[in-house]
Ligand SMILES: Nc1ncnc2c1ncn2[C@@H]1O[C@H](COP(=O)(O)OP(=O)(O)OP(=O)(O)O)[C@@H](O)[C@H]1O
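As structure tokens, one chain now follows by itself in the form predicted alone.
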Amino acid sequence: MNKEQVLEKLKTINYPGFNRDIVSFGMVKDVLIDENEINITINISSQNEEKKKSIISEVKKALEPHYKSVNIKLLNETNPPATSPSPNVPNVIDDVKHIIAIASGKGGVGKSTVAANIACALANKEMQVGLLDLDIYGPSLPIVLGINEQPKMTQDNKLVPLEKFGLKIMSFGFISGNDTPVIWRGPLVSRMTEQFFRDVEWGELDILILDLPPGTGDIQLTLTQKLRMTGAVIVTTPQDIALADVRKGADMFRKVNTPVLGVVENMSGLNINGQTDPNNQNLQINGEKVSIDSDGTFSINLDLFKTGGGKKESERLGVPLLGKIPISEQIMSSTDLGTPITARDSTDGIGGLYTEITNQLLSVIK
């Protein structure tokens, strides 16, 4: 077989726990064929040995009928694993097993909503979860979570996180108030960011979710210098103008040795449900004829902002597309009410989508 035929064979091998193959994930880095010998280089970011053994076994099973010798080299045998933090970064929060940043290079893509729903979905699994809002200039979590309180202090002057929905939560908005503008220079912002790590009584946590501000500025730099992070989840919307900024944010994490764990495409189309007379054959939306069920119900998806931006970025980065979240009145109303969807219903509809994203994220970091 030539290289193209080998890659087609490898496309039949799915990454464990996903419905996506190792080639589309970008794991196959090199294929060298020398007569009856083939050498495959694969980058497996997971530290889970069972997943590594499973992939190696499947690759050999697919190729051994065609070659006398199948040699597989794991790229992370010589490089640090993708979910391993840089060894030079100190760990200032000792009792937290995993620290995951929800990030984007662009504002307004829904990072806070995604962060809150992932955090609640994790808490539903009886995990100890913290949620930290690091957007000093425009904190959103007090509104998303419906909290209007100030944190208390311990005797040794540490902040005690507020608790709601089974989460330990901290935001600069709890201290400054949502109506007060923050007019600070970079050094003050960096200092406050570090205080959220050192001077908050987080206790023991399975996962700390960080809701980051947009961009690649002081907070992101302080974060990567002061914390040993498990990785970052990149949130984007489908259109190219969002992707241009998101790429910068994703590439920043890679430059500072913080792995990108996956991509979430938010505002991914608009779903419209309705009901009409079952005999109405003239119903159209945007010039498209709508299929009507026997009971008169109909459903249609509109791609308002193009489609496929999240998939395109995940393929560029060689990481999973964790999920696609449509524009939804449910999300809008639950956010305005201060109750994330997964805090109410984590199994059906939009809540089920967030839960599936969370399940895929857990499979990557374990």
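Note that the structure is a prediction, hence the values are computed from the model and not measured. One-based numbering along the sequence shown.
Not on display, but discussed next: the form predicted together with this ligand.
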Next on the checklist: Just to confirm the contact call: exactly one of 64-72, 32-40, 329-337, 50-58 touches this ligand in the predicted bound form at a 4.5 Å heavy atom cutoff, so which is it?
Outcome noted: 329-337
Checklist entry - So in the predicted bound form, does G107 come within 4.5 Å of this ligand, heavy atom to heavy atom? => result yes
Checklist entry - Just to confirm, I234 within 4.5 Å of this ligand in the predicted bound form by heavy atoms? => result no
Next on the checklist: Is N266 near this ligand? Define near as a heavy atom within 4.5 Å, in the predicted bound form.
Outcome noted: yes
Next on the checklist: My question is simply whether V319 lines the interface with this ligand in the predicted bound form - judged by any non-hydrogen atom within 4.5 Å.
Outcome noted: no
Checklist entry - Which one of S140, Q128, N124, T230 is close to this ligand in the predicted bound form, taking close to mean a heavy atom within 4.5 Å? => result S140
Next on the checklist: I need to confirm a contact call. Of G146, P161, P214, G173, which residue comes within 4.5 Å of this ligand in the predicted bound form, counting heavy atoms only?
Outcome noted: P214
